[in-house]
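Below you will find one chain, with nothing else, as structure tokens; this is the form predicted alone, and questions on how it binds or moves follow later.
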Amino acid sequence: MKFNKRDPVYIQVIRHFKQQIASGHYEPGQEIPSRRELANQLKINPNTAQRAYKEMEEAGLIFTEGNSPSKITKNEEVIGRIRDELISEAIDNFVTAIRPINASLDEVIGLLKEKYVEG
């Protein structure tokens, strides 16, 4: 995982987990690395990993039962919301980038369909 210098690291960790959940890389109920393991893997401060996990638990992305390892949520509604959020974010970025070109909506949609199918 590469970190940018704009966003706080814990936010980037959360975004990474959201992308992994939305893409199906992490399955509902799958165990994830411990906070300490994640900090070691990503070479980040353990407090940063702790903060990311705390925020993800509060948002319902992960859950921890007792002393068991943390796991990805099984809540399909939360997973759907993550996908919607990521898609909306990507569309917002796309619209912001494309708007200054003054292309018509039909032109943009046509090219978007073409590129999406090419894949």
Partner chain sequence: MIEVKDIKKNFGLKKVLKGVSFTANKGEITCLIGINGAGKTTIMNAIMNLTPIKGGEILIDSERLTKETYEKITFIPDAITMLPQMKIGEALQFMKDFYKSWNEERAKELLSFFRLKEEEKISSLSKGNTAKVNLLLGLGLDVDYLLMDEPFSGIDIFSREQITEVFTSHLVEDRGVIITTHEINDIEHLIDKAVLLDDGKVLREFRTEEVRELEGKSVVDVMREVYQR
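Residue numbers count along the first chain shown, from 1. Every value quoted in this text rests on a predicted model; they were computed, and no experiment measured them.
In what follows, reference is made to the form predicted in complex with the partner chain, a form of this protein that is not presented.
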item: Contact flag, residue 6 vs the partner chain in the model of the complex, heavy atom cut 4.5 Å; value: yes
item: is_contact(residue 11, the partner chain) in the model of the complex, heavy atom dist at most 4.5 Å; value: yes
item: Contact test in the model of the complex: residue 48 vs the partner chain, heavy atoms, 4.5 Å; value: yes
item: Distance check, residue 74 to the partner chain in the model of the complex, heavy atom within 4.5 Å; value: no
item: Answer range among 86-94, 61-69, 48-56, 23-31 for contact with the partner chain, defined in the model of the complex as heavy atoms within 4.5 Å; value: 48-56
item: Contacts with the partner chain in the model of the complex - residues in 21-39 whose heavy atoms fall within 4.5 Å; value: 35, 36, 39
